[in-house]
Structure formats: structure tokens, C-alpha cells
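First, one chain by itself: the form predicted alone, in C-alpha cells.
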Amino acid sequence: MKEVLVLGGGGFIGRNIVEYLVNRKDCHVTAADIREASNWSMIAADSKKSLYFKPVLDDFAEKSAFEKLDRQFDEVYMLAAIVGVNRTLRDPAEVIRVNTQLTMNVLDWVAKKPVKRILFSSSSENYAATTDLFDADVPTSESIPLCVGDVTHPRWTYAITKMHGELAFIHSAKALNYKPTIVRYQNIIGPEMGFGHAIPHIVERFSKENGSPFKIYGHDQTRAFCYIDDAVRGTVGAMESDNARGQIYHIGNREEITMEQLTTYIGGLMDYSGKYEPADTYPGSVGRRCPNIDKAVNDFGYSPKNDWKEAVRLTTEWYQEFFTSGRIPESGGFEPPEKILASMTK
């Protein structure tokens, strides 16, 4: 039975990959993160599932944490990172420090404890400036040049760490004798995805704001939303496919919609009957984003099963229940773009 490490197994995508692999019962899964995921205790409490699962809690931005990984791993999903637009705008130095250190710590550890395969989770943020500044094709393919805009803008700190990670894992593979695969996630959504993202922010606002008009931030910008179950299947498919060795793939959905379509659809789900008005969005936000996923479809049969409306509905229902119950997010809750912009100019 192969040994699998999901580093970042407490995060949104990570914990869902952990549960998916444990449910298959064909590998032993170690989930490692700085904090426990909401599903870890449920997996551990199940006498059958717990046989395939081991949790490890520590800060893997510190090299000492890797001493807790006492197994010889066949596959490593390297998903650990600081994410979220607000985090990059509020604390760009920490984003640079943690994300870069995580990459280098993994490579230093692999040099001592070899593995067979490493999948690194990257992001569509890597070419956001390419589409905005150079009118690159949308939907975009994996071959699109990566580009950074104004380096003085904190938004780019996250993209820089993901570009660094791609280069680091691809070009260390031969020296450390493992097979690398890169996946660039494209707006993955689902229940409990965190609170620093567009859909949780929109649901939070509909739950708390009274009256109209309702502001649609970045109303004419586009995104293509992919449901978490599809992203998990795509990620595992990329890891386990022989065709994917040394390759880069988009994991996402082809359906491109505007933020106006997204907002008014959520408003309908939440019985909002007022008016809407367009408004400027967060500084540095890319104007258009939609992936070409043909390469993943052709190489390992990736096939998203949930359309954007179903994905958004399932996500909205979870967050609507959260906010109407009176709970408050620990971090990442909605802050108006105007407020964030003002804080950046102080």
C-alpha cells in the first residue's frame, strides 16, 4: 500500500483530497498542517477509515516540523501556502516568507528522505498580468507566459511565491530523483472554502446588509468557478497519471461568467429583490480569467461534472447557513475594497 503525504491537508483543497483518498482505502494518507481540519476528527473516529489516516500538526514553515514525518512517502501533495487576496494586501511580507520557506523546506527534506512523486499546487494568479497587460488569449492554456505587473503592489507577492514553487519543484526533480507535476488551480469553490473569497463575501453581505442598491464589485470582470469535488478528482488524476509526469495542468472549469452574473444569481438564491449597482473592486484584481483545460482532459481524462450554477448553489447554501446562524468568521470576512485601498495608501 503506497504512502501519501498531503502537506496542507488542513486547508480547503487539502482536507478534501485527504478524505477522498482515505475513502478509496487503497493508500495510507498522512495529513500535515499547522492546524487541524474540520474533517480530521471524523475520519480518525471512524474505525475503518482511521486505518488509512494519520494527522500531523505542526508549522511546516519550520524545518523541525518535518522530523514528525516518520514514514517513507511515495507521493507528496504540496498544497501548503498562505492564500487569499486580503492576506496579500494586508501582510505581503508574511506571504513571501511562509510560502517560500515551505517550498525550500520540502526540497531540503526530500533531499534526505527521497519520494517518488511531488505535485505542487500553483495558481492562475501567475499570469494575471499577462492577460491584463498583453491581451493574452482567454481561455488561457498552460503555455501562456507567466508575468508579474507592478512589483511594488503587494498583490503580486502570492503569485511570485507560486512561480518560485513551480520552478523549484520542476528543476529540482532530476537532482532529487522524483517526478514533478504542477497544477494551477482556477477559482475552486465549495462549502467551508474559507472567508477571504468572492462568494463568501457576497453571501456575507446579502446576510447582513439592508436595503438597496447592492454593490457589485468588479461587475464586468469574469471568472470560471470549479466545484471542489471536480478539483479533487482532477488533482488526484494528475498525481497518478503517467502522462502527467513533468507537466503543468489547469484544474478548473470552462464556464466563464461575469461577477454581475455571479452576484445576481446568489442574490436570487437568497431572495434578494432590490436593485444592483456596479462598483470598483479590489486593487490589482485581474479583469478576465478562464482556463483552457484541454490538456488535462486529453492526458488523464479530467472532466468537471458540476456546472457553475450547481457549484455556486452548493457553496452559497453552506455560507448562508453559517451567517444566518449568527456565527462570525475568525478571519477573512468581508472588507470593502474602499477600506483596503485606504489602508494601503496610509
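Residue positions are given as counts along the sequence shown, with the first one as 1. In this text the structure is predicted, and so the values were computed from the model without any measurement.
Note that the form predicted together with a small molecule isn't included here; everything after this is about it.
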Query - Three-residue site 136, 220 and 258 fully in contact with the small molecule in the predicted bound form at 4.5 Å by heavy atom - result: no
Report task. Could you tell me which one of 297, 279, 44, 61 places a heavy atom within 4.5 Å of the small molecule in the predicted bound form? Result -> 61
Query raised in the report: 128, 232, 182, 81: which sits within 4.5 Å of the small molecule in the predicted bound form by any heavy atom?
Result: 81
**Report entry** Which of 311-319, 31-39, 298-306, 279-287 lines the interface with the small molecule in the predicted bound form (heavy atom within 4.5 Å)
**Finding:** 31-39
Query raised in the report: Could you tell me if residue 102 has a non-hydrogen atom within 4.5 Å of the small molecule in the predicted bound form?
Result: yes
Query raised in the report: For residue 253, is any heavy atom within 4.5 Å of the small molecule in the predicted bound form, or not?
Result: no
Query raised in the report: in the predicted bound form, does residue 169 have a heavy atom within 4.5 Å of the small molecule?
Result: no
Query raised in the report: Should residue 98 be classed as touching the small molecule in the predicted bound form when contacts are defined as heavy atoms within 4.5 Å?
Result: yes
